[in-house]
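Both blocks below hold the same protein chain, though in two forms, and each is given as structure tokens: structure 1 and structure 2.
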Structure 1
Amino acid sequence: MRTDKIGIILLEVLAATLLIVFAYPLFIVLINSAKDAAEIIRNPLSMPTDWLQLFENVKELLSRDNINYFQSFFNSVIITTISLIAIGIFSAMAAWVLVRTKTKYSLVIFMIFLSGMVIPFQVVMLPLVRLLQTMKDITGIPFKDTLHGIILAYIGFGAPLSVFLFHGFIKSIPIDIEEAAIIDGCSKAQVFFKIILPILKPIFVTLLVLNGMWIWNDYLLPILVLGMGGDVQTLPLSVANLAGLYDKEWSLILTSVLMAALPVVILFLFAQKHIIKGMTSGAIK
């Protein structure tokens, strides 16, 4: 018994040490974003002499109008929220009719969605850029460098995985509930929005987390659709833009890194359980 206890204590120490190793890079970012440029060069490892310098750096960052931090932050928020809601509802709608209509068409369409999951983004990215231009030429509506363009693209790219996960979940919902509702006078649309959608809540949360992490942090699709330094920027784009413009001006870059990471970290602290559960259950399926 005593050796067991010593073993546990050793493991506890080991885990704590590893945690410090894992957290150290983030700690370095934190202490260095509270230093001015000269202090970073002098000693990047020491604690900052004046923590208030952090606010100076933030102020400096916000004053650079070619970065437009607030603008890109709100763009990121808008793009992520609208895409998440649209992907969730549209995919659930598609998955529901695919499960409940047992014809060969629905099987073929489901297979088409599945094949979309194995296509890497690199294969479609070049024609996509051209397609967005063509769509502008045909309809006169710009799709490049616009919010609706990138949101539509996210719906298309997010649909396969979401339809797949919803499809698996809806199959386990007994059809009796729907039949009872139809006998009680529900239309098919009402059956979906009033009965099926609430049942889908757990898998909906999973998808919010999975898609949310992807869209919030995504860099490749925004750089293709929005372009670096365009009218509409997302957070990753503006961090990259900043790092490119003020090469090696680390006090600014690290402050912007901190401000880009902070919203997600805060969200994680509040919704830890959902996020971890969402990400793992999504992967295992």
Structure 2
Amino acid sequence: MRTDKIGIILLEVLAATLLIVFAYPLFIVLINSAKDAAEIIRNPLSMPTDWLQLFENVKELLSRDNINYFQSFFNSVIITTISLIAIGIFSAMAAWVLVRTKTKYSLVIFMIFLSGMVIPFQVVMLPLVRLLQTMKDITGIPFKDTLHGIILAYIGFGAPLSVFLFHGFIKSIPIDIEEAAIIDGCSKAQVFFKIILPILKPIFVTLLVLNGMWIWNDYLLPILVLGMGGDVQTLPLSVANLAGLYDKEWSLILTSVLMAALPVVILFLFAQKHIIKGMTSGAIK
């Protein structure tokens, strides 16, 4: 019993240490968001002398024309929401068909999805930009510097992992449930949306949260597809606009980072129960 207690104490100390290590950057952003630029430069590790400076920084940030915070926030919400819905629904559909269709082509298609998880993003950066231009030449529809272009890119890059996790989860669902629904008169679409999709809720919510944090915070893909200073900007791109070549407004940069991170932090705090449930149920199945 004594050995067990010592082990529990050591685990708690380790957990507290990891909490401090991972929370420290957010703490630094928080305290420096309530300072002006001069105070940050003097001592970035000290507590702010006046916490009300945070509201002054927010007011200054929202008034900047080169940021257009509300428009960037709205763009990020639209891109994240539509991308998550499309990734979740389409990936679940694809995984369900691949599991229930027993042909040699289903295995090949599944392996193609898996290859998307192992190919580094840096390898496809240049081909992606060329592909967007080629699609415009063929269809006449612009895909670069547009909302639908970045959404399609996120669907493509988010599908492999989602299909992989859905595939493993669906394999554990007895096919008898679907056959009984079909006997009762359900169509294929009704079987998926009324039977399969509700069963997938734990892993579905987990993927929504994980993909949502990735898409909301992503910088590299938006700068490739949307470009810096274009008509369509996301929050990470707007934050980067504050860092000039010769002048960096640290008070506004850190305030904007805090404002951009808050929605993700709040989402994670409310959804962490679903994330853990989805991962553990997927592991048990």
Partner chain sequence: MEKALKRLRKIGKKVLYALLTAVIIIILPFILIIRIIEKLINRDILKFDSKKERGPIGSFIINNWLGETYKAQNNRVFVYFLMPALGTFLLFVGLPFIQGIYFSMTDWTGLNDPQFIGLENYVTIFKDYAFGYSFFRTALYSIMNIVVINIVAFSLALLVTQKLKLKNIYRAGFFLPNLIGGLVLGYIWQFIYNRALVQFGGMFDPSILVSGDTALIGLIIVVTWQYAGYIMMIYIAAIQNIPQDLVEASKIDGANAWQRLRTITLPLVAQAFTVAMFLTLVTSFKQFDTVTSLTQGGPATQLPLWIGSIYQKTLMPIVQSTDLVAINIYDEAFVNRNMGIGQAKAILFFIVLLFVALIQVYYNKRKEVEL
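From a predicted model like this one, the values you see are computed outputs, not experimental measurements. For the two forms, the rigid core is made up of the largest set of C-alpha atoms that agree within 1.5 Å on superposition. By convention here, residues take numbers in order along the sequence of structure 1, the first being 1.
S.K.: Of structures 1 and 2, select the one representing the form predicted in complex with its partner chain.
M.R.: Form predicted in complex with its partner chain: structure 1.
S.K.: Answer yes if the Cα of Asp50 shifts by 2 angstroms or more between structure 1 and structure 2 on a rigid-core superposition, and no otherwise.
M.R.: Superposed on the core, Asp50 moves its C-alpha 2 Å or more between structure 1 and structure 2.
S.K.: Does Asp218 move appreciably between structure 1 and structure 2, meaning a CA displacement of 2 Å or more on the superposed rigid core?
M.R.: The answer is no, as the C-alpha of Asp218 shifts between structure 1 and structure 2 by less than 2 Å after core alignment.
S.K.: Taking the rigid core as the frame, does Val232 move its C-alpha by 2 Å or more between structure 1 and structure 2?
M.R.: False for Val232: its C-alpha shift is below 2 Å.
S.K.: What's the distance in angstrom the Cα of Ala37 travels between structure 1 and structure 2, core superposed?
M.R.: The shift comes out to 4.1 Å.
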